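Here you'll find one protein chain in two forms, each presented separately as structure tokens under the names structure 1 and structure 2.
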Structure 1
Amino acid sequence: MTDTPQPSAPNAETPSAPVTPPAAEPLPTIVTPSNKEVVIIAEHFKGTLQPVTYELLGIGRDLADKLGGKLSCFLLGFNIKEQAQSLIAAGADEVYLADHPELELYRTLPYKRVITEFIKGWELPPHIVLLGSSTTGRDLAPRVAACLGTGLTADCTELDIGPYEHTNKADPDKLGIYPGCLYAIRPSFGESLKARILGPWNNPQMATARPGTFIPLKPDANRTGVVTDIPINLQGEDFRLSVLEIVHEISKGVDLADAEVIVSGGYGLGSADGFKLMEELAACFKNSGVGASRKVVDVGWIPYQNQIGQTGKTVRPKLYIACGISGAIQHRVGMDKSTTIIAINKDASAPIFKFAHHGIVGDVYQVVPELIAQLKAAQGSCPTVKEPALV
């Protein structure tokens, strides 16, 4: 017998040609109006420009060059015209100068009015406005942002500029590619993650930058720029607050932001007396200071002005010696840009050993006295040492 082929069932499935999905429509390019200008709002105390202003000019110069625009700077105060040249030497193309007796001391409302009224008079808004995340900057920035109808990202540790592709269909009116978007990056979740915050919908895009984070440019006395006097039209409502007195606490020793060597102590010191040893070690280096972790500040072993970390100061010395500090992320964010980090801790599994350049596992009260003795023997007397011996 031979098998006879059976006819196919009428409803049998047969392979079909693959269906090519329709090509997605390309996203439109959305250019929000701006004059491609990066604006820095300078900060000074009694006519002395603060370090964060030079840091902002450093990152501002980079952003302006990438944007293909200019870098300008607001300078408000009284009898401060000579400081305008310092801003130009530090990277500014133009300085907007408001020199008036009522601006000698910082007050929120007069400063806000001068800045925002001048910007509102421009044909196109600036692309970016930056301030320091200092006491003054944190007070002034939200006022300026609200008046200009734009967003604000606070306490940034990284800033960049580039295109952003918005594909979230929850905002159908915003779908598109935004060139020249400010990438404002700041720590989040207790400094354990970085959040990238974008707001290209309106210009200016605004941010405040954490002091001690960005590197200033080397001053160039040959740089040329323009100084423009701007109008000052203060109103009676701007003087609701009067400054009666400024109490400026003078800290002992070197400002940690300027110190080339920092010796920091943590809870592993056991008591406040341990900071006497920290001071003795710091004295072995010129231009040095004593820092601390948050925990020892909280228990009152050392003043807040010595605190380094998320809620303290951000520093970048040539040499950072951490004694009895575990290295939690909250402390690390304030000092991990130091050129050389030496950790001394009797706990070999302490997190600080993961990012320190050199580590010593041992008791601080055995290691540090020996280190001091070796420095004294090698260099004579500690206070006369001109350069850090361990860098």
Structure 2
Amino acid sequence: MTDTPQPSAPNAETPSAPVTPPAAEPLPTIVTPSNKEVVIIAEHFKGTLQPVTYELLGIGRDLADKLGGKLSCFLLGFNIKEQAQSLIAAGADEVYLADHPELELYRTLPYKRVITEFIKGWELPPHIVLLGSSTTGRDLAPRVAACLGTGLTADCTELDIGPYEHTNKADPDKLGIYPGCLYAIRPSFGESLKARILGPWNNPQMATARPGTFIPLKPDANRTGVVTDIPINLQGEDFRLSVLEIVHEISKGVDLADAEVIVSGGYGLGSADGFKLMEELAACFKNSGVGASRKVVDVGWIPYQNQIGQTGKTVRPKLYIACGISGAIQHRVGMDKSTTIIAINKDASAPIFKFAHHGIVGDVYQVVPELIAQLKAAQGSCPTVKEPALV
């Protein structure tokens, strides 16, 4: 994305620019040619479609209806034909199927070639192409965008269609009203701002969408759609990378990288003793561990192995509870991929609240004991049969 909303280019070369129309003259309406189609690139792992694909079909259906175009979906893989029907049930009008042994596992170059060569063969380009902002989508999307010579907005949390009026005289060639633009909306700058990014000068307009943000349609087995086999012309240079192995990490206890729940303490704990409370909270969860900010490691309250952040570990637990941590960027880069982040901090303006999902403004020494008490009460209230082996 454009990285700063600059007011205008300071170097605008007005002398060489064409005469700009007087202010009174209405702006021309400019339509960049497209076939109005919205295209999703499906993501699957060994044939299992990923949730983000259904989410994209949900929002994609909405965008396609607003444009009056169709919703299609690329499905590349091996022995994957049956999945085409679930894409149709989830909203797709047409599935572009590439079924080939070399496409079984995602690899950048073969996938990029099949998709871009197919789109380049169309008389008119699609209007929109969307991918998930997963490790796969963020790998593939920039290659597809650069290959098609078009813009791309990363990690959107909202997508919409609407007009755009370009009045920036620093860029006079673009003056005009553009109907039907993709509004790619995403947080920026530590997420305190939402930026609406668009690029109606080229089609397709592309974006990746943050997994978990959009709502899938209810699958409808009665929906009908077309499945089209598309050409696959892989070249030798597409195999410059091969996948050697895929490792699924299974949790095995205390290692922070594998913990599903991490309770992290920062300088707000006030002393090394505070980590006893962190351990007590962590002990309320299965497969949990205790993390820390660098500041408390530096003062020696806890060993370096527990440090999370830029110069410590990067973790991706299901639940991250940050206690008395300000949320400096160096800490954040090590934990912001956690599924749910809960922050407890007595300062309502602490940066951690800009990216946590749930925040409590309060003293750790009041909030954490209460949390422990309520967790224990909740456990008591829903009795579970103990495994005989544990008794």
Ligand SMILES: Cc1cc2nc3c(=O)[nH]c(=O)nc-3n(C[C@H](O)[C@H](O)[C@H](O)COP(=O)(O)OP(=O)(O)OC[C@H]3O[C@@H](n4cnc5c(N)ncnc54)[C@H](O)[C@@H]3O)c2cc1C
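Being a predicted model, the structure only gives us computed values, none of them experimental. Residue positions are counted from 1 along structure 1's sequence. Take the two forms, superpose them, and find the largest set of C-alpha atoms that agree within 1.5 Å; that set is the rigid core.
Discussion item. Of these two forms of the chain, identify the one that is the form predicted alone.
Written reply: Looking at both copies of the chain, structure 1 is the one that matches the description.
Discussion item. Does Leu131 shift between the two structures by 2 angstroms or more at the C-alpha, the core having been superposed?
Written reply: No, its C-alpha moves less than 2 Å.
Discussion item. Rigid core aligned, does the Cα position of Ser288 differ by 2 Å or more between the two structures?
Written reply: Yes, its C-alpha moves 2 Å or more.
Worksheet item: Relative to the superposed rigid core, does the CA atom of Val299 travel 2 Å or more between the two structures?
Response: Yes, the C-alpha position differs by at least 2 Å between the two structures.
Discussion item. Core superposed first, then measure: what is the displacement of the CA of His357 between the two structures, in Å?
Written reply: Superposing on the rigid core gives a C-alpha shift of 13.0 Å for His357.
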